[in-house]
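Let's start with one chain on its own, the form predicted alone, as structure tokens.
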Amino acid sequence: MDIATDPDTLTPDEALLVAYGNGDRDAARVLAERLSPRVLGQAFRMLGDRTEAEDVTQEAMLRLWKIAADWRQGEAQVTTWLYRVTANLCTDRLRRRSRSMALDDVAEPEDDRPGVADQMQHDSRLAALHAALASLPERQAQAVALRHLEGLGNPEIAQIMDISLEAVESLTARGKRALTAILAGRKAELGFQDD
């Protein structure tokens, strides 16, 4: 049985990429199913537009497939490389856009979501978070999103952003303080109550 399709084996991303580079299409399928949702989530958080996020996801995965044959295990993690590529693609798109993004540009909710009131509150919170993140300097917003929305550790963020650990800590701390200040006056509006 091929290691890429063995459900009992948690094959590392790097091994799957090398296997794909050697012609194993099942390895690409497993890797795409594992990584595409994470790339899509990162792209959506950065762009705020589902269609553009899907385009970025497709482009990032295509770039991954193109370098598969040349991938050298042990030099970098596939996820780190992919997060950096995704961030760069999103940054390029953001630079091409106008500097201001209206809240009306946020995609409509999908039909299978929870009740209308819950969805409206969730959407309001998400819109407020996106607007607050968009008001931060780009590097702070990226560091905060990678740390607190993607759940990555500081060493991986440092690799993705090509900065030191101290810079990551500084960016996330300043970003969190700025977000707290921006959103502090909106607790009641967003449905958060002080205990």
Partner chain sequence: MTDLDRKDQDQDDAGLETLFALARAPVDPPSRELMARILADAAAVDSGRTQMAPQAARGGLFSGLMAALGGWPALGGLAAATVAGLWIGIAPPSGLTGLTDAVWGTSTTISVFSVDDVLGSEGQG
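Positions refer to the first chain, counted from 1. Worth saying up front: this structure is predicted, and the values here are computed from it rather than measured.
If you look for the form predicted together with the partner chain, you will not find it shown, but the lines that follow are about it.
Asks: Ala15 near the partner chain in the predicted bound form, any heavy atom under 4.5 Å?
Replies: Ala15: no, not in contact with the partner chain in the predicted bound form.
Asks: Examine Pro37 and determine whether its closest non-hydrogen atom to the partner chain in the predicted bound form is within 4.5 angstroms.
Replies: It does: once the partner chain is placed as it appears in the predicted bound form, Pro37 has a heavy atom within 4.5 Å of it.
Asks: Please tell me whether any heavy atom belonging to Glu33 falls inside 4.5 Å of a heavy atom of the partner chain, as the geometry stands in the predicted bound form.
Replies: Heavy-atom contact with the partner chain at 4.5 Å: present for Glu33.
Asks: I'd like to know if Ile157 sits close to the partner chain in the predicted bound form, meaning any non-hydrogen atom pair within 4.5 angstroms.
Replies: Flag for Ile157 set to no.
Asks: For the stretch 14-36, which residues lie within 4.5 Å of the partner chain in the predicted bound form by non-hydrogen atom distance?
Replies: Read in sequence order, the residues that approach the partner chain (within 4.5 Å, in the predicted bound form) are Tyr20, Gly21, Gly23, Arg25, Ala28, Arg29, Ala32, Glu33, Ser36.
Asks: Versus the form shown, are the CA atoms of Thr91 and Leu133 closer or farther apart in the predicted bound form, given a shift of 3 angstroms or more?
Replies: Distance between the C-alphas of Thr91 and Leu133: shorter in the predicted bound form, by 3 Å or more.
Asks: So the CA-CA distance for His122 and Glu33 moves by at least 3 angstroms in the predicted bound form. Closer or farther than here?
Replies: Residues separate in the predicted bound form, at least 3 Å farther apart.
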